[in-house]
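Taking the form predicted alone, here's one chain by itself in structure tokens.
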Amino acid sequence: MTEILADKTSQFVHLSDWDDATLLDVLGHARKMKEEHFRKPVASGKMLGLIFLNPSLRTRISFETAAVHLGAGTSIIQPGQGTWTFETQTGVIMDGDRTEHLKEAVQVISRYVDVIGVRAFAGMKSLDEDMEDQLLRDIVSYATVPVINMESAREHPCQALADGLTMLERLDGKPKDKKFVLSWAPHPKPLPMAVPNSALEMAARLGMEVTLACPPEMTLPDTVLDKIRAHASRNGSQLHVEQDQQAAFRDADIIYGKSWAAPIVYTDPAAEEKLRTDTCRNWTITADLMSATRKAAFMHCLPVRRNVVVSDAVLDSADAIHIDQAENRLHVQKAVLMKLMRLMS
């Protein structure tokens, strides 16, 4: 698949837009700003437009707060809630209830703001279409200012940056060769693969030994795993896929709990639901499982279903760092905004 823009450093759409050195530089700036409680109007007069095609809590508040701390303004666009409804498909006859095409909307927004953030979840209708991230690609092609991916069908790079900063803090800045386990967990809803895709990539790019723990039916697509393997190999580590959850947790330094839908959700939703809510229900992350680790930290991107994805005992333990992880969304996004606005030295 071709990349969206030739100048990839002028956007943050994929983690792969920035090389390892750039990612580490951004994480370093984020960590420094966190330590300094950085609040300076370095972006005074700048404007951030945030397009939410899906719900948000942490993403919205953290970006709004980051902008305020930097002295920038924000405009929240939620199609159909105070703005016109948006048509997102190309080549359609717009004789229905959608008022404005995304093509015009994004071009106009680009004339008003300095950076556009976009949140557009997976459609969960076609695996190929979701892996292509077509909606996000269209938005980037219409925009004439830098674009930030605030979670798309395929990736969640802002969450991955927060994950990276959180792991650097937990591991005293020495993540290389530490064991990172991304464990699938049950959930009442079929969730997209964006977070697991990006979490695995971040761990691999930090040089961690990466394990994907999941039932065989939940294994991520080969296109995703091949990419993770390549990142791991380049950084001197490996990707392991483990179908035994207890074995996967053994001697881990980081446990990242997350649910996602089995790929068969695209072809047989009923069978996928049975797998996720019944057959694999015993994949809930518990204190017993955590006891096999090397006193691992527990991470989750939130929101989390208590006692479905993970037990209260794990979430309420001293080794649960999901709240730190959520806070770090603010700090990494300050760094991303400063980089894209060319304010980072």
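When you see a residue number, it is the position in the sequence shown, counting from 1. What you are looking at is a predicted structure, and each value in this text was computed from that prediction instead of being measured.
The form predicted in complex with a small molecule exists for this protein as well; it is not shown, and the discussion that follows is about that form.
With the partner omitted here, the stretch from 309-317, 279-287, 50-58, 32-40 that lies within 4.5 Å of the small molecule by heavy atoms in the predicted complex is 50-58.
Taken together, Arg119, His156 and Pro303 are fully in contact with the small molecule in the predicted complex: each brings a heavy atom within 4.5 Å. Contact annotation for His331: none of its heavy atoms lies within 4.5 Å of the small molecule in the predicted complex.
Proximity of Glu151 to the small molecule in the predicted complex: non-hydrogen atoms within 4.5 Å are present.
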